[in-house]
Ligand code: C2E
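We begin with a single chain expressed as C-alpha cells, specifically the form predicted alone.
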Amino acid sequence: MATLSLGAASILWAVNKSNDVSAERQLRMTERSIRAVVQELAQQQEMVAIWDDAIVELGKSPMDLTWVDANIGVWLSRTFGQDEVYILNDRNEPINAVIDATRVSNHEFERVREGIGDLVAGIRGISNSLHKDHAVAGAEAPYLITGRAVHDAHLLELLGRPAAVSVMKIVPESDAVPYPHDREFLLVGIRYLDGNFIKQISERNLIEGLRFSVVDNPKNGEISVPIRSDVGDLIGYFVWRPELPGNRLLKAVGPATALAAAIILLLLGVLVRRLKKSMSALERTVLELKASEAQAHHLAFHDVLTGLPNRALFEDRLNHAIARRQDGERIAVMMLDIDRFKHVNDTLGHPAGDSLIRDFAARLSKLVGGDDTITRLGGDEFAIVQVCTAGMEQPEALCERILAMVHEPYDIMGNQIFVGTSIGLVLAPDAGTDRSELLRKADIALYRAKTEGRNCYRIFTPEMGETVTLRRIIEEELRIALATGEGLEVAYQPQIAVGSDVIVGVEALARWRHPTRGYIPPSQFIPVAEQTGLIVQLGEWILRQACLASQRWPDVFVSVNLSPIQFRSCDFADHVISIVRECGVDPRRIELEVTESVLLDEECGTADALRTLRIAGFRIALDDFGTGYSSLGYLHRFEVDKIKIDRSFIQSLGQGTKAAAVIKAIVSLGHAMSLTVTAEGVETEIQKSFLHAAGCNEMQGYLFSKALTQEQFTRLLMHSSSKEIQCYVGGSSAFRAG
C-alpha cells in the first residue's frame, strides 16, 4: 500500500515537474529568440553591406533602383522578413526605402527618423545621450567592428512597438573599389517584434497563442516575459499559454493507472501468498535471466547514443511496411546525413559530435508521426520510413520541414553550431518494393543531393540509377586503362604568342580512346577519376608523358593541369618535383595549371605546396580565371605567374554581354601585377583581333589548332619558316583535318 501511495505521489510530482520544465524551456527559448534577433539582423545586413558592387551601384547617377531592389532593400525584406529597410546618403537623407518587401516613397523614413536618430549619429561617430546611457549601463561600445563591418544594432521602442534596429556602413569588400571614408552610405534594417516575428518564434519554439501586450496581463494559465530595450526601458510583454505535457499525460494515463493499481493490489495479494509457498532460488534466477534478456533484446535493436531503432530494426519495420502496404498507399524511404559533421568533430571533438547527433535525432523525432520509423544507421547517417495514405502529409513536405528544422542553430558545449542536411528520397511502389533496392536507390538520391550543393533533398529517378551504373563502369574500366596504359593518350594544344603568331607553349590534355566504346570525353571520366581518387594516378601519368614529350620540343613550355584532389597528399609537391627530375626535364619548362578552387581549400596546404613548386622553378598558371572566387588577395598570396581567361568570356564577345569589359579588366589586372595573360577558346578572327587590341599575351583555341598528338605537334614545329608556320597557325582546313 505504501508503495502504491509513493508511486502516486511520484506520478504527481513528475507531472508538476514536467509542467515546470516545459514552461521554463519555452521561457528561455523566447528570451533567447528576443536577444538573438538583433544579432541576426546585423548578420543579415552584413551580407550586402560589405560588397564592391553595392558601392559601385549606389554611386551611380541616376541610381539603378531595379538593381538595388533585387540585391539590397527588397531582397533583405523578402529573404529575411525585415519589416523596413532604408539606405541613407552621407547627409543621412533616404535614397531608398522598402516596407514589407515593397519599395515606397523615401518620405516614409521620416516616421522613424527621430526614433533611430541616436543610432545613425552613433554610426557617424557623433556623441549623444544614448551612448552616454550605454556607458553608464556598462553596455557595449556605441558601434561594433567585425572585419570590415561597422554597425550599431539595438533593441528599442519604435513607433510604440518593440523593434530590433541595425544601422551599418556600406563599405567595399576589397581595396580595389574606392569609397568616401567617413561619408559612407548607411544601411538601416528594422524588424518589429510584434509582427511576423511572433509567428516565427511560435513555430520555431512550438509556442501556442503567443501575443504582444503593452501591459503585464496574462490570463489564467498564461505566462509572460518582459521585453526591455538595450538601455533597460520596459517596452512590453510577450504572453502565451505554455505547453503542459504533464497535465495531458495525467489525463491520459490517470484512470488507467488507478485501475491498474487496483488490479495490482489484487494480484499482489494472490502472488504474495503463492510466492511464500513456492518461491525458490531457481525461480529468482529465471526472473533475473528474463530481465537480462529483455535488456539485451533492446540493445540489439536500438542505437545506444540516441535510443532510436538501429539498422536491424529499421530493415525489419521496412519489410513489414512493404508487406502490409494497401492499394493507394506509398512508402517513403529517406536517407539523411548531416552536412559539415566532420568539421564539428575535427574542431570541437567527438563529445561535441555525439551531442550534435543526439540533438539532431531529438529534432527529427518531433517532426515525424508516431507510425513512422526514424533510425540512426551509424555515424551521422539517419533513415526514415513513412507510410503515406490519402490526406496525410506528403514526404516532400516532410523533407522541407526537416531542412528548415536543421537550419536552426545548435547549442553544443557552449558553442552555436550551424549545420545542414542532405536527403535522398525514394517512393514505393514507384521505385519497386524490394527492401534492398529501395535502400540502394535512396542512397543514390542522397549522393545526388550531396553533389548538387548539399542542404537539399532529391527524389530518386531512373536517370540517377543509370548515371551511377555508368560511373561504376567508367571507374572499373579506367582502373584497367591506368594499369595497362591501353587507350589513354595525351593530346597537345598549341599556345600562340599574340602579335608574332609564334608557338610558345603547349597544353597537355588527357584523352581516352576505349577499345570498344570509342572516344570517351574528359567531361565523363575526369569527374569520376576525381571522385574515386584515380585522378592522382592519372595526373602522375599525364605529367610523366608530358615531360617525356617536352624533351623533343626544347623551345616551348609544356602546361599540365593539376586537380584539387592531388593537393590533398602531404608530399604532393615533392612527388611532382621527383617525377620531373626522373624524366630529366628542366622544371622551368613546365607550367602547372590550377583552378581557383585549389586556392580556396586551405586544409590541403595549398599555399605551401605552390610555394615549394615555384621555388623549384615551375611556373604556376591560374586556369578559368573570372568564373570563381579569386581576388587580389589570392593572387598576391599565391604568387601565380599567369592567368588564363575562361573561354566563356571569349565566346560571349559580340553577343551584347559585358564580356568585353570583363576581359579588358582582367588583362589590366594581370599586367598591373606583371602576370602573363592567356585567352582560351579563341575560334574567330574577330575574337583574335579584339584580344590582340586588349593586350592579351597568349592565345589558344580552334582558330589556331585543335589538340594534336605528339607526332602531329612535332611535325608542326618542324615547319619553321614564317610562311609555313603562318599556314598552320592560321587554321587552314588542311591542318585542322589533322
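Here the structure is a predicted model, which is why all the values come from computation and not from measurement. Numbers for residues come from their place in the sequence shown, where the first is 1.
Although it is not shown, the form predicted together with the ligand is what the next lines describe.
Between the ligand and the residues Gln545, Gln493, Thr306, Thr606, the one pair within 4.5 Å by heavy atoms in the predicted bound form involves Gln493.
Proximity to the ligand in the predicted bound form, defined as a heavy atom within 4.5 Å, holds among Val556, Ile322, Ala510, Val344 only for Ala510.
Contact between Leu403 and the ligand in the predicted bound form is not found at the 4.5 Å heavy atom cutoff.
When contacts are judged by a 4.5 Å heavy atom cut-off, Asn106 does not count as touching the ligand in the predicted bound form. In the predicted bound form, the ligand sits within 4.5 Å of a heavy atom of Tyr702. At least one heavy atom of Gly681 is located within 4.5 Å of the ligand in the predicted bound form. Looking at 185-193, 520-528, 212-220, 110-118, the stretch with residues near the ligand in the predicted bound form, meaning non-hydrogen atoms within 4.5 angstroms, turns out to be 520-528.
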